[in-house]
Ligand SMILES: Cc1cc2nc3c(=O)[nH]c(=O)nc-3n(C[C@H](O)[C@H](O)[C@H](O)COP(=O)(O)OP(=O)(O)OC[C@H]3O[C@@H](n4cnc5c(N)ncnc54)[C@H](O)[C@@H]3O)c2cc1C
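Take a look at this one chain, the form predicted on its own, written out in structure tokens.
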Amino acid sequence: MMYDVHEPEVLIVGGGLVGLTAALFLRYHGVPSLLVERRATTSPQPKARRINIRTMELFDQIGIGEAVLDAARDLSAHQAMAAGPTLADATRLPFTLPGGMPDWAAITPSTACLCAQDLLEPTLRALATERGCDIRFGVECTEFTQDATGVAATLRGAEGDTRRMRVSYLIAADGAASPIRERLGIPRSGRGTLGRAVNVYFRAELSNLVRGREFNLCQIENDRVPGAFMSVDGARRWIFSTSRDIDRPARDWPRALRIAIGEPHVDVEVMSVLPWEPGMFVADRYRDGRAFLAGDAAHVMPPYAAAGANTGIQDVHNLAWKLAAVLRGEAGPALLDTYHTERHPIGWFTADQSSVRTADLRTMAHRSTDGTAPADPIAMILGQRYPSGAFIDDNSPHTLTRLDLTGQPGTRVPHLPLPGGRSTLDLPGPGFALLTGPRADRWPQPDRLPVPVHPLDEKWCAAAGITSSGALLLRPDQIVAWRTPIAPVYPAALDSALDRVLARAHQH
């Protein structure tokens, strides 16, 4: 026997950012899982770095936000953009948004950060292990079959030993090439390949050169070596990305990098040269029976909106509570269909928006490559609305031209600061929550409501589109499931709403 497995309900295939967070979210909801990753360790490449405010809200919900910010401390001052003919001559660009700068404290309790993937993945792996998740690197899922009651999978260890196991569900977080998606025969659609580029990961002591001009991205605007530098640790580790001369031999990159840096004598150590193709490929189905696609297995998108990893993490946050509810018998199996119903439109829209954004740092938030109207960046991160799914739509208006979170079902609950440094986002999870106006006593049988009740003030009512006796029912993932502007007149109204949201057959 390769190892003992303590009756996992879910098998997660893939130990990158999405797979590791899937394990953490399932653990938060009390669902035992097993994660297998064929690589021996986490990614040595920096890759994804931007952790947006919505993802940080999810990390804060399960109590790991501070650990992620600690891992991101080296880049805490490197949020700016810069541009110039060389790195030495670059200047910072003014940071603007199409709708103007928001009052961040008024819209979210969380802080976005930059954390290179080769630092974040080990952090998430350590957190998952500390919390009792079963994480197995050096183990490959070589085959699987599924039937009406579960999934049978064959796992092979690094020494070639194998084990057959059975679980209730499978999450494929196995990357853009996803063998699981291929075996399931799920096609992909989208704009396809959008060009070619190369990322050069290198070491060079540049901390003195950038001091006082710290940056996240620095655009190099010259005809010899155009491209962009990305800070990995803000001092010695960097990535240079370009679509010019992508087939340049590795031995020639140090000289080219010195030209782009603007310092002919700086020592440069090239760590890796990785050609890549930006593109948009979105799986036509996120669910096939008891298997679910997440992250790059479900949607590949260019990096220009820094949305790929964040969208994948948000996928599994959506999926985890639904799997938990079905496994506990609290929801009908049809609830799991809403994973595709909700996340596929978001994945498609985000991938499409990422595809039409220009790579030019001076224009990327304001222009598109083909005339498609760019969504407001903050609205795209925090303000998207599911078109249908596990909520009761009230046909209220919504827009992505600005951040529009006013309690509409299918959107993230509006943030309102609460005493003790808490937020309305802290009230749901791991279960549902009912946020009411100050007259919650007007509800029939208020002491017998089936979820925790949190009366809030009139300011909250105005922000959420309800009266002093109305309420929002929040799902465990902070999404508004139901809105009633006034207290219902019949006792079973909340139970009926829960039945509809959770796809339960019985109705009151």
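Start at 1 and count along the sequence shown; that's the residue number. In this text, all values refer to a predicted model and were calculated from it rather than measured experimentally.
What comes next is about the form predicted together with this ligand, which is not displayed.
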Can you work out whether P345 and this ligand are in contact in the predicted complex, taking contact to mean some heavy atom pair no more than 4.5 Å apart? no
Check whether G175 has any heavy atom within 4.5 Å of a heavy atom of this ligand in the predicted complex, and answer yes or no. yes
Any chance P179 has a heavy atom within 4.5 Å of this ligand in the predicted complex? yes
Can you check whether D118 is within 4.5 Å of this ligand in the predicted complex, heavy atom basis? no
Which single stretch, out of 82-90, 257-265, 205-213, 293-301, brings residue heavy atoms within 4.5 Å of this ligand in the predicted complex? 293-301
Can you work out which of R483, R54, R475, R49 has a heavy atom no more than 4.5 Å from this ligand in the predicted complex? R49
Between L434, C141, L170, C133, only one gets a heavy atom within 4.5 angstroms of this ligand in the predicted complex; which residue is that? C141
Answer yes or no: in the predicted complex, does this ligand come within 4.5 Å of a heavy atom in every one of G14, L17 and R39? yes
Can you tell me which bits of 306-330 touch this ligand in the predicted complex, meaning any heavy atom within 4.5 Å? A306, A307, G308, A309, N310
